[in-house]
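Provided below as structure tokens are two forms of one protein chain, presented individually as structure 1 and structure 2.
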Structure 1
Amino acid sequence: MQISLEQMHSTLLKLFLNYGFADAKATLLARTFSESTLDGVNSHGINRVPLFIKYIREGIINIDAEAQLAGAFGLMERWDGHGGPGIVNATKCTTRALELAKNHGIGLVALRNTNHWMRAGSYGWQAAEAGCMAIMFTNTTPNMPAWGGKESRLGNNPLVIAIPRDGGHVVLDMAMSQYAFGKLNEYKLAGKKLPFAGGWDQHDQLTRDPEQIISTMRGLPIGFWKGSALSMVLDMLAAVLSAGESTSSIADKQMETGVSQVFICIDNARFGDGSIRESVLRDIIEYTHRSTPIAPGMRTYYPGEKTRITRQKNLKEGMMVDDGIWEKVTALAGD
């Protein structure tokens, strides 16, 4: 079915208020989940709302808690999320990293003891809209084998890189697995196979079946051994910088919680060369856009370009939402 942005936002706002969130937090949550869906990321937008509510009901997420400063070291800070909602904590820490960047040119906030931040790209877009470049990442529960191993020992540890530009921000949002597990669930709901192998089945064979990969929790690292290595070092950086938990300790929990995250922002204005930056970015994008399509109907995009296209389409036509998911959400909201 197709849902308008306004309808989704009002339904989610009612839901979060009913679950006891303060007005400001309920509004932030409703906006973030709705905007993620607007941008076509249903896997970490509307599709995640029922699981988010389950975490609240089971006491994993403390709706009244939010990140607080645990230690300051000049342009670097450590924050403790106290088990609060991941969206609230990540938004607050991005805001603080932006403040540090505006004051020092660069700012780093490392966050521990938080929950899933949902769409990682939300915070890259937040930074880009504020005129800052950003590098952000998180660790997760184990859902991907280290290259050469069988059992999942790594998280798919999403990475965000944002670069603001006048012609449309560049925002890379990617997991270290070929497909994020939310995306696997999206394919599962649609009853579709993956375009490419995304992980291993119970017989240790690579498969395009999302349901089998979800069952084994053995995603395929991007770039094989390279994605495996990158996942591991992102986990190390997140845990060490935040003095928080690593994927290995998150593995001991029944549900994913207590993750560690890093937010780095860089103030472009400090360099005083905006026209040069815009020219360089435009040249890179135009050079890539001039690529010969490998097949009819295909073309190249810069990271974030398809998001802008999807956003405009969904604003005009409404957002496609799985019927079953929407029924669950509206039931939770009491509609």
Structure 2
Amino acid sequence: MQISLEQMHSTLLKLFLNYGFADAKATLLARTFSESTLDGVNSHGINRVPLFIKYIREGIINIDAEAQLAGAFGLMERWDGHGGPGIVNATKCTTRALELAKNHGIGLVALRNTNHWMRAGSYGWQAAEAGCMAIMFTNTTPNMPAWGGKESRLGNNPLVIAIPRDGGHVVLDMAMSQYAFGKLNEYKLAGKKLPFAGGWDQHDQLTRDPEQIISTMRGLPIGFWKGSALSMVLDMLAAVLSAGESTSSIADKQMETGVSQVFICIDNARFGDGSIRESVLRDIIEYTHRSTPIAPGMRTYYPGEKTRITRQKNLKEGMMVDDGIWEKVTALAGD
């Protein structure tokens, strides 16, 4: 069904208030879940709300927890999320990294003891809107084997890189797995094979069968050994900088919680050459856009471009939301 941004926002606001969130937090959560859905990321927007509520009911997410400063050295800070809602903690840490960047040129905030931040890109868009570049990442529960090994020992550890641009921000939002588990589910429901291998089957063979991968929970890192290595170092950076948990200890928990995240913001406007930035970015984008399509109907995009197209379409036409999901959400909201 088609839902407008306003409708979703007001339903979610009611829902979060019902669940006891303070006004400001309920508003932030309603806005973030709605905007992720507006941008077409239903998997970490509206579709995820019932699971988020389950986490609250099971006492894994503490709705009143406030992230607090746990250590500081100038432009580097370490925060403790105290098991609060991931969106609230991550937004606060992004805001703080932006403040540090505005003061020092760069700001780094490392956050421990937090929960899933939902759509990684949300914080990249937040930074870009504030005129800063950003490099951000989180660790997760294990869902991919390290290259050469059999059991899942690495998280898919989403990485965000954002670059502000007058003509539309560049925002990369990329997990280290070839396919998100949400995407595997879509292929499974459609009865389709993946275009490329996406994980391991029960006989330790790479497979394009989404059902097999969902059952083994052994996703394939992008670029095989390369994404495996990149995923591992992101976990290391996050756990060391925050003095928090790594995928190795998150693995011991029944449900994913206590993750570690890093928010680096760079105020490149400090160099005072916004016009150079715009022309450099335009050159790169035009150069790639000028490619001959490799197959009919294909074209190149810069990271964030499809999001922008989807956002504009959804603002006009409303957001496509699964009927069953919307029914669950409205029931939770008491509508």
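Computed from a predicted model, the values in this text were never measured in an experiment. Here, residue number means position along structure 1's sequence, counting from 1. Each form is matched to the other, and the largest set of C-alpha atoms that superpose within 1.5 Å is called the rigid core.
Q: Which number, 1 or 2, marks the form predicted in complex with another copy of the chain?
A: Note: form predicted in complex with another copy of the chain is structure 2; the other is not.
Q: Choose from 79, 257, 304, 177 the one placed at the hinge of the motion between the two structures, with one rigid part turning against the other.
A: Of 79, 257, 304, 177, the hinge residue is 177.
Q: Return the inter-part rotation between the two structures: the angle in whole degrees by which the smaller rigid part turns against the larger, from C-alpha superpositions.
A: Angle of the smaller part against the larger: 15 degrees.
Q: After superposition on the rigid core, what is the displacement of the C-alpha atom of residue 194 between the two structures, in Å?
A: Between its two positions, the C-alpha of residue 194 lies 3.6 Å apart after core fitting.
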